[in-house]
Structures are given as structure tokens and as C-alpha cells.
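Shown below, as C-alpha cells, is a lone chain in the form predicted on its own; questions about how it binds or moves come after it.
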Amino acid sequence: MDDIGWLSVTGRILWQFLPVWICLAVTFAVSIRYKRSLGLYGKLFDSTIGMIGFAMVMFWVFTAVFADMVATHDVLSQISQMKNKPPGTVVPAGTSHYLLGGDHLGRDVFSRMVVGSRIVIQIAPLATMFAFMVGITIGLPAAYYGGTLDTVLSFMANLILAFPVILLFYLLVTPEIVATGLPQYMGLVLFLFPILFLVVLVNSRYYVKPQFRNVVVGLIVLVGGFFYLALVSEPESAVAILPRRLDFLSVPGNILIVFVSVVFVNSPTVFRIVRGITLDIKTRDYVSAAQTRGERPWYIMLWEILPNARGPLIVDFCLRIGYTTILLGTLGFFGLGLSPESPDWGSTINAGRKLLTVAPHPAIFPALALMSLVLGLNLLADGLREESLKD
């Protein structure tokens, strides 16, 4: 076999992404067909900017889902003859090519870029969701009740925001801090908020139906509590709550540190956004009407104020996933949290930057992937903002 040129490389890359193209086509066809009955999501397809952003985001989502099918080589396999080889180089004694060339260790750049999307898609949206649950749970009462509670929570949020983010991550990944179990103790507190949020949400909605409420709340506490313990518990660590045979959610320590750090950093910002929106909405007439009807405070906060704040929060959620993606790339670039052999985009860019003058492709393609995902999220947020303003 011979090396191939850029035209053949492009064609083969497009062919490797065939499952992604099929899923994108089906998603757009079904969404456009039923967009009038899909609420704000359906209105997104009336916005050109929104559709472009959605397509870019879903491209990487489907790439993460079908990463094993799209990737052409194992992300950890090293072929010494392929070190810093340009895109389209044939693999020695093989029938395949390194479509985007090899890195400084002879690993396939294309496969590492594809599999690296899975790390971002797994961590960024989930960490952002956890941060929103923390921010909403403390932001709503802070603004609604005001007074000392608002002052204390706002001070704590500002205190966290004033702390340098990179220094925080450096502290959390040092062996001495990890040995104390501090990241896991932080997880014990932060991961409790989703359960609290769901319990308060159900209790406030079905307070007048105690039998049904008790059953649902009990299920949330039992199921959510078990997942909570399995998530934070790690055998042979400072927080080993569950026995090894019951700990079915084995989260690597470095991933847990990154996850906890991202949630901890994003939660105060979400708190401030929720607080600001609530301060405005709580003066509206429909909130006064709910208070006159004798509705309980948490019912008003979660079922009167929060639904009317969904537009700005959905937009910020998309933007914050982009910020989290950049943050994950920054952490990987500085080698904080994630393992050195991880195919995440930040680590790959860091490994390739050292040889930019000799072989720029190992750093350029992961950087373009990260940029395209963040750009797609920003365009998606713009489209959602544009359509939400029309409501």
C-alpha cells in the first residue's frame, strides 16, 4: 500500500463517520417533521443559527456514542515507525492508514480525537447538570427569603468565585490532598444536592397527596441514595462506604476529582444567575397571586418561579457546557486530574504542542475538534435565546 493524499484522507474520514451522518439525518428528519409539537426544541429548527449549532453538537454526541465504530485503531497502541508521520501514512505491514497521522509516541491521532470526544460528552453535560441542581437548590431560597440567608450564601459564592480556578485544581490533585480524601468528601456534599432537589420538587408538588408523595419520595431516597453511595464510595480509599460487591459504579479517582472540581467551580456562578432571575420574578403578579392562595414557599419557587426562568437557564446551560468543555481541555493540557495516556483533547493538544514546528497535526486536529464543539454550543445557545425571546 502507498500513502494517500488529502483528497483520499478526507473521503475516508467522511466514510468512517457514516454512522454519525445517518443518525444526524434521522434526527433532523424526525425533529423537523414533528417540530410544531416539540416546544422550544422544535422551534430551534426555525433558526438557522440554532440548527447549525445543534448539528455541530450532535455530531460530537453521536461520535462519542459510535466512537468504537468510527475509530480505526486502538488509542493506546504504539507503532514506533509511525511517530509524527503526516496524515495518510500507511501502517507498516498493515492494510490501513493513520488518517490524521501519528503523534510523538506513534499513536493514531484520528482515533484519539474520536475517542477523546467520549470523555468530554460523558463529563461536561453531567457535571453542568449537577452544578445547576446545586445552584438552583440554594439560589432560589436565597433570593426568595432574602435577609441573612441571602447574605451568607452570596458571601460563600463570592468567596469561591474569588479563588483562582487553576490553583484549586492544582491543590485537589496533589497526592497529599488526595490521600486525605478531600475530593471525595466534597463529592459527598455536592452529589447530595440532586437528591435533595428531587425530593423537594416532588414534596412541594404533591404535598396535598401524602400517600403518593411518600411513595415517590421513598423511591427517590432509596434509588438515588444507592446511586449516590455507589458514586462517592471507592474501595480502599478515605471514603469506602459500600462493600466492593455492591459498588457497581466504579469511578476512577482522577475522573472523580475532575468531576467534583468542575461542579464546585460552576455552582456559584449558577447560584448567582438563579438568584438574580428570582429577585426579578418574585415581584411578578402571578407570584403574589400564588402567595395569596396560600401556596407553600417551595411550591412557589419550584412551580411558579423556576418554570418562568427556564429560558435564560436553558441558554446558560448550553453555554456552561461549552465553558466546562474548555475547562476540561485546560485541565488535560496542564495534566491535572486525567491520566497522561488519556485520549482527551487537552492531553492530546499538550502532547502535540511540543513538536508544532516539526509535526503540527497531533495538536491541530484535537484543537479544531474542541473549538468546533464549543462553537456549536455557543450557536445552539444563540438559537435557543432567539427563539425563547419570541415566546
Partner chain sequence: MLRFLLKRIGTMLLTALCLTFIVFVLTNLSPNLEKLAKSELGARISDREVESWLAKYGHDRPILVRYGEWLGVAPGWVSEDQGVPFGRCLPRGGDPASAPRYCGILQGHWGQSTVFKAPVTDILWERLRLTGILMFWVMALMVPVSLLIGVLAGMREGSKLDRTLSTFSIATTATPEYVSGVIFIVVFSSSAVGLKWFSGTAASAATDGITFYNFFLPVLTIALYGIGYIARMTRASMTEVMTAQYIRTARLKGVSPRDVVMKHALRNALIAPFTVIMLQFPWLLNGVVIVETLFNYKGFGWTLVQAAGNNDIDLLLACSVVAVFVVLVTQLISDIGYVYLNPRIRIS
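Owing to the predicted nature of the structure, the values given are computational and were not obtained by experimental measurement. Residue numbers count along the first chain shown, from 1.
This protein has a second form, the form predicted together with its partner chain, left out of what is shown; the following refers to that one.
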As a check of understanding, the residue in Leu356, Met69, Ile32, Leu38 with any heavy atom within 4.5 Å of its partner chain in the predicted complex should be identified as Leu356
As a check of understanding, the residue in Val215, Val221, Val90, Leu171 with any heavy atom within 4.5 Å of its partner chain in the predicted complex should be identified as Leu171
Which of 102-110, 125-133, 317-325, 71-79 lines the interface with its partner chain in the predicted complex (heavy atom within 4.5 Å)
317-325
Given its partner chain in the predicted complex, answer whether the residues Leu192, Ser339 and Glu341 all have a heavy atom inside 4.5 Å of it.
no
Please check if Leu379 has a heavy atom lying within 4.5 Å of any heavy atom of its partner chain in the predicted complex.
yes
Is it the case that Thr330, even though its partner is missing from this view, gets within 4.5 Å of its partner chain in the predicted complex, heavy atoms only?
yes
Is Met58 one of the residues lying within 4.5 Å of its partner chain in the predicted complex, judged by heavy atom distances?
no
is_contact(Gly335, its partner chain) in the predicted complex, heavy atom dist at most 4.5 Å
no
Heavy atoms within 4.5 Å of its partner chain in the predicted complex is the criterion; list the residues of 361-384 that meet it.
Ala363, Ile364, Ala367, Leu368, Leu370, Met371, Val374, Leu375, Asn378, Leu379, Asp382
